[in-house]
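There is one chain below, alone, in structure tokens, taken in the form predicted alone.
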Amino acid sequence: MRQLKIGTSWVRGIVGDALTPELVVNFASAFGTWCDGSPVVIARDTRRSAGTLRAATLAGLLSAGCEVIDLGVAPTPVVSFAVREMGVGGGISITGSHNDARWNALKFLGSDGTLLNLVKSEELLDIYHGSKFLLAPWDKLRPVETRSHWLIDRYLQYVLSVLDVDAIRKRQSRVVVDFCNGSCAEITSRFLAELGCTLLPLNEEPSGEFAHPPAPSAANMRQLASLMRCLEADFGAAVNIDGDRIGFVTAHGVALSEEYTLPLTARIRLKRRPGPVVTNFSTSRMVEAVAAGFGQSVIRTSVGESHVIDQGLAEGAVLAGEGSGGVAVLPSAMTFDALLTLGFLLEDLALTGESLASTAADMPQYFMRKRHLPCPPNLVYRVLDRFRAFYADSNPDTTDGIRLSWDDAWLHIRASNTEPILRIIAEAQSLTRADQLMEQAVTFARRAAFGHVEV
């Protein structure tokens, strides 16, 4: 089965299989048409396929009459900033994000610097399927410009302006950062130097040969955690390939679940500015506990960066994020931004004098289990429908898959937005309860997928 996923704000697939140069040219042409031929910012991550996809993207955008500002290898948050700073029609980040090296994607950003929401994505898809693209005549074709250094300088200045730089400089933190051979090493090095911090880099070469799976989960931070036990550093951080997600490791080498990133940032953000927090249905209840301590509410919506940020902007939220390690500090950032999240943590530790370990220990304790089951797209919704029918008496929330909630626990089953799998997440106040919920859900899903469940 050819693996191509088209979701809100992006098209993603295995390069050379479903994600072909022809498809990329057509999507880029559609985006250039959607932007009405306005200037567009692009950047790419370090994957081997990035050069091929860049060429195809340029062909599509230029044919629609767009001027293209190419940032080269740069994180997605920089694309978002550049779109807003320059007032252009939109942006495309060529990145597979947390997927392995076989995958790549086009992530589409609108003129406000946010990933396209559902309505805008449907407009783009209508243009793509209609295949009626703008075609500029030969004398109206625009050039490709490179402004990476100037725009990255401005981005760093902006991020630093949001932080208490003097406090961070006084602490002189030592930070180990695992870049997983992605796009963030150079910009993070400059950022930490400006903050008077010492960077101890790991896997910093932008080779595209990833040292481990890119997502900043505890399992993928084992190398970083082992290194932390041998070094004198305040904490460690693992940054996703395109700078949208971040995970943390304590000074003693304890890798925190990626679920800690949002509540840790909420604790910092809500000290400064009260307001609601938006997250998805699959994120830990830790964030509710943190927000309640400041008298603030948490609003949940569908899984996906574009969903939570769009909802956050609509609700006037001060923070939007997910349990994946992705956080957007609204309105300073319009995408998940690992660098800004790192800066907030450095500031908080500097102002409080605490360690990451003590800060994490203050979080309420829940037990979470995450599983994924390979499931062809033609079977996923049959499984979800059988879950819905089986748990009908438990008032399931069907906004995004099936979510069941109890006083002491919750369970969420949904189709992945990015891969042909079924995602199952359970969280409870006790480990036994979380394990029981997960085992029941996995067993039911396997039986339902092969037609062995009667409802």
Partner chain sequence: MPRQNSLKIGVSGVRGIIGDSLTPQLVASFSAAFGNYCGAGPILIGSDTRPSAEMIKQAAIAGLLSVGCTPIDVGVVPIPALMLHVREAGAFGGIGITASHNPIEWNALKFIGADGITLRPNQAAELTDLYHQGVYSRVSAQEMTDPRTDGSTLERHRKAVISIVDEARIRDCRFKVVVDCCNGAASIATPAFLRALGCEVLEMNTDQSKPFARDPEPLPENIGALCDLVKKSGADIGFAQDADADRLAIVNENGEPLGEDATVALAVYHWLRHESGPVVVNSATTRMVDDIAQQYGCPVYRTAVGEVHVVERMLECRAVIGGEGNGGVILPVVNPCRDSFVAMALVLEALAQDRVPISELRSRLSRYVMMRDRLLCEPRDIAPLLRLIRNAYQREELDLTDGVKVLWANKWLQVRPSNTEPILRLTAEAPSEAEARSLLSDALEILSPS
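Positions refer to the first chain, counted from 1. Note that the coordinates shown come from a computational prediction; the quantities given were computed from them, not determined experimentally.
A second form of this protein, the form predicted in complex with its partner chain, is not displayed here; the remarks below concern that form.
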Any of the heavy atoms of Arg386 lying within 4.5 Å of its partner chain in the predicted complex?
-> no
Is there any non-hydrogen atom of Ser405 lying within 4.5 Å of its partner chain in the predicted complex?
-> no
How about Thr418: is it within 4.5 Å of its partner chain in the predicted complex, going by heavy atoms?
-> no
Could you tell me if Pro137 has a non-hydrogen atom within 4.5 Å of its partner chain in the predicted complex?
-> yes
Is it the case that Thr52, Ala101 and Phe133 all touch its partner chain in the predicted complex, with a non-hydrogen atom of each within 4.5 angstroms?
-> yes
Could you tell me which stretch in 41-49, 406-414, 421-429, 391-399 has residues with non-hydrogen atoms within 4.5 Å of its partner chain in the predicted complex?
-> 41-49
Contact with its partner chain in the predicted complex, heavy atom within 4.5 Å, among Asp112, Glu209, Asp126, Glu232 goes to Glu209
Contact set, 5-34 vs its partner chain in the predicted complex - heavy atom within 4.5 angstroms = Val15, Gly16, Thr20, Pro21, Glu22, Val25, Asn26, Ser29
